[in-house]
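Coming up is one lone chain in structure tokens, specifically the form predicted alone.
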Amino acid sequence: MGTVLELNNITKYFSARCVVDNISLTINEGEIVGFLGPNGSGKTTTIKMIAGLLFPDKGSIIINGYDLSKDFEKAMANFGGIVENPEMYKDLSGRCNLEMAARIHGGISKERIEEVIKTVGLQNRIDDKVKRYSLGMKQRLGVALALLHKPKLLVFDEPTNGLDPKGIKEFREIVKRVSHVEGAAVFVSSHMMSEMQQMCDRVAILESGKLVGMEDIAAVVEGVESTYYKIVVSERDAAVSFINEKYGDVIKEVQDSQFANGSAVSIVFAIKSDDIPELIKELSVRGIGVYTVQPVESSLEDAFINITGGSQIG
């Protein structure tokens, strides 16, 4: 598996403030790497440097073997993505937008244009004017524009902002197909943790400009011990009241549920495993039926909070 993106000790200052501090990482062909970090951690600055919109004060960026500072055009010929809002001519059709971009790149066949239209699922609307597109359709056209010249590296900065669940799912499926089937390396930032967990192979975590984690998704999640348990009980108000009184502000979620053909409620809350037997006993004494108790599987959000000490993703 070849390396497509290399960041070698890149550093960026704005005036005297260091916003990206000595970051090094690699991304290989055929993998999707998520980029996470709290607000102001330097994610967007890093992505803009990879996209050639900013240049590092120190270090180097290598795209498919080409140093961005020395062979800019050759490096960028291997780059595609959505970093800022993609340029589109709204009074022209999606097809015309793709044909104009193809002329700029050069050497792109009509067959390739049809191929990317099919990849992003715009066959039925590609000849409509872009101003009639929904946000999700515009995003898909943006992806098609990024894919047109078969780049080795795709970079997306918060690509699912404003999309509905259907649009988010469609974007995820397109990215996974382009990476895992066609072999592109993908670097994507998002504040949607569950989406990143479903989409990415690895994750890079940035905090205060420093890279504090770079691991497989599974390893990151498995390394965090779950502190949450879900208990399914018969009496909503009584159970919630008792848990609040006994353990304080530990409840994360309360949802009505069905169990054994009857009504029930599931409560997710933080508790020590050693306290579970006493909790079941206390609820039973109060006439509250306990149907199940189980740990909640750790998520990427749990891992992120654990690694960054509770910083807010953004």
Partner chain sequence: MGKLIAAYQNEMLKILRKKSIWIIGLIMVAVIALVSVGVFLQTELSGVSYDYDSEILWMEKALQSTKDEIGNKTGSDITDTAEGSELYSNLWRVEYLSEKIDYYKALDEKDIYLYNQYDYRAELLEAVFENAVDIAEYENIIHKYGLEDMLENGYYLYPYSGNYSEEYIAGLREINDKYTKIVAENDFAAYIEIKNAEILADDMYDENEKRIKIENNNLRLDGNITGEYLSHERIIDSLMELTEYKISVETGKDYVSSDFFGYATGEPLMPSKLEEYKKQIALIEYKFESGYYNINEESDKTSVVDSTMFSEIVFSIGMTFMLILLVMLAGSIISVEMSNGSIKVLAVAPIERRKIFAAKCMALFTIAFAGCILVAILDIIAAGFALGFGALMPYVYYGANAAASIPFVLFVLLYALVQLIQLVFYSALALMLSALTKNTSVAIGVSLGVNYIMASVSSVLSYVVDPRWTKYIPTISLSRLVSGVFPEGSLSQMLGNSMNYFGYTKPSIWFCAIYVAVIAFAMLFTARDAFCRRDIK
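C-alpha atoms forming the largest set that superposes within 1.5 Å between two forms make up the rigid core. Small disclaimer: the values here were computed from a predicted structure and weren't measured. Numbering follows the first chain given and starts at 1.
Below, we refer to the form predicted in complex with the partner chain, which is not included among the displayed structures.
A residue is said to contact a partner when one of its heavy atoms sits within 4.5 Å of a partner heavy atom; residue 14 meets this definition for the partner chain in the model of the complex. Residue contact check for residue 193: none of its heavy atoms lie within 4.5 Å of the partner chain in the model of the complex. Although the partner is absent here, residue 87 sits close enough that one of its heavy atoms falls within 4.5 Å of the partner chain in the model of the complex. Among heavy atoms of residue 52, some come within 4.5 Å of the partner chain in the model of the complex.
Interface residue among 135, 92, 238, 181, judged by heavy atoms within 4.5 Å of the partner chain in the model of the complex: 92. Only one of the listed residues (113, 130, 76, 174) places a non-hydrogen atom within 4.5 angstroms of the partner chain in the model of the complex, and that residue is 76. Just one listed stretch, out of 164-172, 201-209, 114-122, 76-84, contacts the partner chain in the model of the complex at the 4.5 Å heavy atom level, and that stretch is 76-84. In the model of the complex, the partner chain lies within 4.5 angstroms of at least one heavy atom of each of the following residues of 104-128: 104, 105, in sequence order. Relative to the superposed core, residue 132 undergoes a C-alpha shift of no less than 2 Å between this form and the one not shown. Core-aligned CA deviation for residue 88 between this form and the one not shown: 2 Å or greater.
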